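In structure tokens, one chain follows: the form predicted on its own.
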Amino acid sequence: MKPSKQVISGSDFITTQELEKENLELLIEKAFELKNAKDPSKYSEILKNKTLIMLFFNPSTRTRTSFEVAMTQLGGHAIFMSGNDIWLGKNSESVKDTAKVFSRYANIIAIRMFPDISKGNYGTINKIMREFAEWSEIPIINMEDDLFHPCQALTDIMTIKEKLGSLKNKKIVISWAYHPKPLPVSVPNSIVLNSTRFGLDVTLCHPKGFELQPYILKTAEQNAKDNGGSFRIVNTMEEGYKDTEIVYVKSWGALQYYGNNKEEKKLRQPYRGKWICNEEIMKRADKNSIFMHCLPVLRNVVVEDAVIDGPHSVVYDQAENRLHLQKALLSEIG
């Protein structure tokens, strides 16, 4: 997963790992420019007469809304299409034909497609995303697949920078939490890769059995080495949260039981009520730490109300920044 030499304009955005770090920094800088603009109207025609096709195979709150609002504010038009309402995947039309036709109608295609982790094979959806990129004549944006959620991960870095300033050697814990069902690994994969690329001191914290894929971990280790940060894995919340400046909580499924929900449930069930972010565990973090979660979240299962509604929480700023980051991405890529 070495960075390509591509520039932003006209490029696909499938994972942050495949773009040069300078391009990622440019996107964040542009996002701040758009967010803090005293006269937003001067950006209102950047994407005039341009169209984004948004293809959703999964529910969405923040992703759909932020992309659609972003296109509107930049003078463009966003078309929502449900995977249930097109011929693709119904033994009727190929990815090639869908991508080729969409390319004749629009300027950018954005796709959200991730599986129920209790079904299918890990990485299958990312392969479909890349097949779209192979046949499309216009840029493809990954709005989340089964491996990556690049827009979320880059927004997270933007939010950390906004709240804490310099990113260098800031301590972040990416902590697993109990959830009643197995969730995709796209968010933890992406924030682990992106935070190590930006030189943070990264702790991945989860119970044994919930390891991320070896190549993700190996890439994160190399990212840390290349960018002056660090990367470690711990298996207790007490160790993971100690003195950290950023607490990032997210649940994900056990890859060893991918497609086997019954066995996976046996592994996760003992952690119910134990692996939850509460006020007590937050006391181990730095007193000025920030709490992050990509949302949606099961309150009082993944995180207690006292934390997500408390003084450490930046989840709504984090959600808002999806809009500004995606405006930057659309304006540069289109």
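From a predicted model like this one, the values you see are computed outputs, not experimental measurements. Residues carry their position along the shown sequence, with the first being 1.
In what follows, reference is made to the form predicted in complex with a further copy of the same chain, a form of this protein that is not presented.
Check your understanding: in the predicted complex, do 61, 65 and 91 all reach within 4.5 Å of a further copy of the same chain through at least one heavy atom apiece?
Key -> Every listed residue reaches a further copy of the same chain in the predicted complex, so yes.
Practice item. May I ask you to choose, among 238, 134, 85, 263, the residue with a heavy atom within 4.5 Å of a further copy of the same chain in the predicted complex? Key: Selected residue: 85.
Review point. So which of 124, 72, 222, 213 reaches within 4.5 angstroms of a further copy of the same chain in the predicted complex, heavy atom to heavy atom?
Key: Looking at 124, 72, 222, 213 one by one, just 72 meets the 4.5 Å heavy-atom criterion.
Practice item. Would you point out which of 265-273, 279-287, 26-34, 42-50 contains residues with a non-hydrogen atom within 4.5 Å of a further copy of the same chain in the predicted complex? Key: Checking each option against the 4.5 Å cut-off leaves 42-50.
**Study point:** a further copy of the same chain contact at residue 20 in the predicted complex, heavy atom, 4.5 Å
**Key:** Because no heavy atom of residue 20 falls inside 4.5 Å of a further copy of the same chain in the predicted complex, the answer is no.
**Study point:** Contact test in the predicted complex: residue 295 vs a further copy of the same chain, heavy atoms, 4.5 Å
**Key:** Residue 295: yes, in contact with a further copy of the same chain in the predicted complex.
Review point. So in the predicted complex, does residue 81 come within 4.5 Å of a further copy of the same chain, heavy atom to heavy atom?
Key: It does: once a further copy of the same chain is placed as it appears in the predicted complex, residue 81 has a heavy atom within 4.5 Å of it.
Exercise for review: Indicate whether residue 104 is a 4.5 Å heavy atom neighbour of a further copy of the same chain in the predicted complex.
Suggested key: Result yes; residue 104 sits at the interface with a further copy of the same chain in the predicted complex.
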